[in-house]
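Just one chain follows, in the form predicted on its own, and it is written as structure tokens.
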């Protein structure tokens, strides 16, 4: 009997799992699962292997160069990165870098926006692969269980940047800093170079975004030439820089002005890493 495309794709992904280090990396994770195979936040390691196999295809497509991953400490940690690229390929690349090149492998739990929870199928895939709704209680519980969390404090203001604002950090929220102070968690800044050029947007068509109930509606410069193919990411090379851990002390419920000064320290460090990474890059494809 002739195999269906779905069966063929499934077999191909299982081959990727076995030939790569994905199964070994996932099996090595210190995940506590219940009798149904889930952890308390919805991660399903067996299903995650399949999703990570698919993610690894994009990971190899972007050919990332990873710098300073040894800076990620053991135990609880907040990975704080710059957000860009219209679609969450930056989070995918950072997550796969930690899983495949970390020693030992780590699975940072990406914090996702609330609107992801209403996307059919995608919300289930994200949850089974370890992503968690960016709720303060979820984050605190994950950190108290010694997890790594990947957070983009720019939120949709970062991922939906237009070309003229590339590599300029949008204002950070205070939530990640209050969380770090409350749980005594170090912060590792993560500079992501390449995401801005993966899917370029020259305009945010807000009426369309309201119609689609999405936070933004990017218009790539070549949209009217190639149609929907304009949203396929360009084969740029990602460079990921993990900085030295930053630690902060003080009450988590301190005055906003005090928290803002601590947040500014992180944004200044991250912006400096971004600028340095861009200066070292010879080409967006190398």
Partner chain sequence: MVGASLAEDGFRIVGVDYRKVEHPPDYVEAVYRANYNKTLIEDIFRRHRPTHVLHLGRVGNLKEQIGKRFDLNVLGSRKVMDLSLKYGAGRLVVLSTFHIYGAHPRNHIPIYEDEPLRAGTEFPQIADAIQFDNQALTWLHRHRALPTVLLRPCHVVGPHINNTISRFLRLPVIPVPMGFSPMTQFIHERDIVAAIVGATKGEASGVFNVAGQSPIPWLEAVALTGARVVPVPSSLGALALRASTRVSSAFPPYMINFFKFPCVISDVAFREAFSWRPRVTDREAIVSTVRGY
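All figures in this text were calculated on a predicted structure; none of them were measured in a lab. Residue numbers count along the first chain shown, from 1.
Only in words, not in the display: the form predicted in complex with the partner chain, which the text now covers.
In the model of the complex, segment of 241-249, 219-227, 65-73, 39-47 with a heavy atom within 4.5 Å of the partner chain | Selected stretch: 39-47.
So which of 123, 182, 162, 214 gets a non-hydrogen atom within 4.5 Å of the partner chain in the model of the complex?
-> None of the others qualify; the residue that does is 123.
Going by a heavy atom distance of 4.5 Å, is residue 146 a contact of the partner chain in the model of the complex?
-> Contact check for residue 146: no, nothing within 4.5 Å of the partner chain in the model of the complex.
Answer yes if any heavy atom of residue 118 is within 4.5 Å of a heavy atom of the partner chain in the model of the complex; otherwise answer no.
-> Taking the distances in the model of the complex, the answer for residue 118 is yes, it comes within 4.5 Å of the partner chain.
4.5 Å heavy atom contact, residue 35 to the partner chain in the model of the complex = Answer yes; at least one heavy atom of residue 35 falls within 4.5 Å of the partner chain in the model of the complex.
Indicate whether the partner chain has at least one heavy atom within 4.5 Å of a heavy atom of residue 206 in the model of the complex.
-> Flag for residue 206 set to no.
Does any residue in 170-204 get within 4.5 Å of the partner chain in the model of the complex, counting heavy atoms only, and if so which ones?
-> Residues within 4.5 Å: none.
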